[in-house]
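Shown here is one chain on its own, the form predicted alone, set out as structure tokens.
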Amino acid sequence: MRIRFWGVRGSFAMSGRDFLRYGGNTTSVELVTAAGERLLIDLGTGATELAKTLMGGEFGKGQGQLPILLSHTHLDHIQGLPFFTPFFIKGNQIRILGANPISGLSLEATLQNQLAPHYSPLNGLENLAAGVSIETIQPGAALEVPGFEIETGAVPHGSMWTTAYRITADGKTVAYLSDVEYPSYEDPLEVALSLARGADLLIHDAMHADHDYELRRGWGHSPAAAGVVVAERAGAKKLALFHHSPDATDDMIDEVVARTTARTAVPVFAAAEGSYLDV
């Protein structure tokens, strides 16, 4: 299974010379099996870069099929939706799956609101040319997606919760825990440990540097140390620090990686936009 990070930034996109190596686009991660089945996690601004690549193949001909998992619907995770080119090609089939922590609202209603005329000239999901299905899921349930085995769980994100994923394909497992803050990062919740247990790669929220965390406690995001604790207790084989703060320059992220690497035997790296990884 091959993974590519198309967007690794949190909250809002950044640009400038201080953000070139790790990238400034918001969260979007692509997984591809050896047989060519593709899965996308989150539709941040990074998804628009993936769209350009997809249009050179079957998606440009209206023959593409793509399942998309959403961790939640904060803007940095869905901002790429109105600009994801495969949505505008008739014949493409795109399946969006995600939970909605707001009681009484479906995922479809939330995404429909994003395309309302107040915010978008598209004026609604019904104006997308591709065949788009939207499914509201319940965290804790297993999902059926061709080529992938997917487990889900709800993790705390400030005053709400988000959906974390455990994805297995080609005999390898990736755990995706973005936008999470535990009551105590030194004692992660069992749902996080279960999803990450024995994973070949753990992608974990690391929006805050450890020394800055106390100033930002309760914001819904983790210090880098939280990913280390989950990786060590769950026996994950590799840790990717993810969802970098928009204030974190390339040099600052380098420092976080260096400090994090020094405190654990688990291999650690910071997710970088455009980078490939064979899991």
Partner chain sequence: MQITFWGVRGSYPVPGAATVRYGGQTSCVEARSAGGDCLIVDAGTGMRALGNKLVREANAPMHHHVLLSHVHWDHIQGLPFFSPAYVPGTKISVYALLTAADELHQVIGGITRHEFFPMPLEAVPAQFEFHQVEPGVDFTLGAFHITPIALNHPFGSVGYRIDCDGSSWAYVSDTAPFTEVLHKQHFLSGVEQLSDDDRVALAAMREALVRRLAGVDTVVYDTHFLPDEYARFPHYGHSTPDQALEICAEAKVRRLVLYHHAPSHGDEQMDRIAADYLGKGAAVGIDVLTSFEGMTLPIGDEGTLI
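Residue numbers count along the first chain shown, from 1. Being a predicted model, the structure only gives us computed values, none of them experimental.
Only in words, not in the display: the form predicted in complex with the partner chain, which the text now covers.
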**Asked** With the partner left out of view, is residue 166 within 4.5 angstroms of the partner chain in the predicted complex by any non-hydrogen atom?
**Response** no
**Contact label in the predicted complex: residue 194 to the partner chain, heavy atom within 4.5 Å** = no
**Asked** Is there a heavy atom of residue 182 no more than 4.5 Å from a heavy atom of the partner chain in the predicted complex?
**Response** no
**Prompt:** With a 4.5 Å heavy atom cut-off, would you call residue 246 a contact of the partner chain in the predicted complex?
**Reply:** yes
**Request:** Identify which of 145, 102, 189, 154 has a heavy atom within 4.5 Å of the partner chain in the predicted complex; exactly one of them does.
**Result:** 102
**Residue among 121, 171, 140, 198 with a heavy atom within 4.5 Å of the partner chain in the predicted complex** = 121
**Message:** Just to confirm the contact call: exactly one of 130 to 138, 90 to 98, 146 to 154, 68 to 76 touches the partner chain in the predicted complex at a 4.5 Å heavy atom cutoff, so which is it?
**Reply:** 68 to 76
**Prompt:** Three residues, 12, 114 and 117; all within 4.5 Å of the partner chain in the predicted complex via heavy atoms?
**Reply:** yes
**Item:** Sequence-ordered residues of 12 to 51 touching the partner chain in the predicted complex, heavy atom within 4.5 Å
**Value:** 12, 13, 14, 15, 16, 17, 20, 24, 25, 45, 48
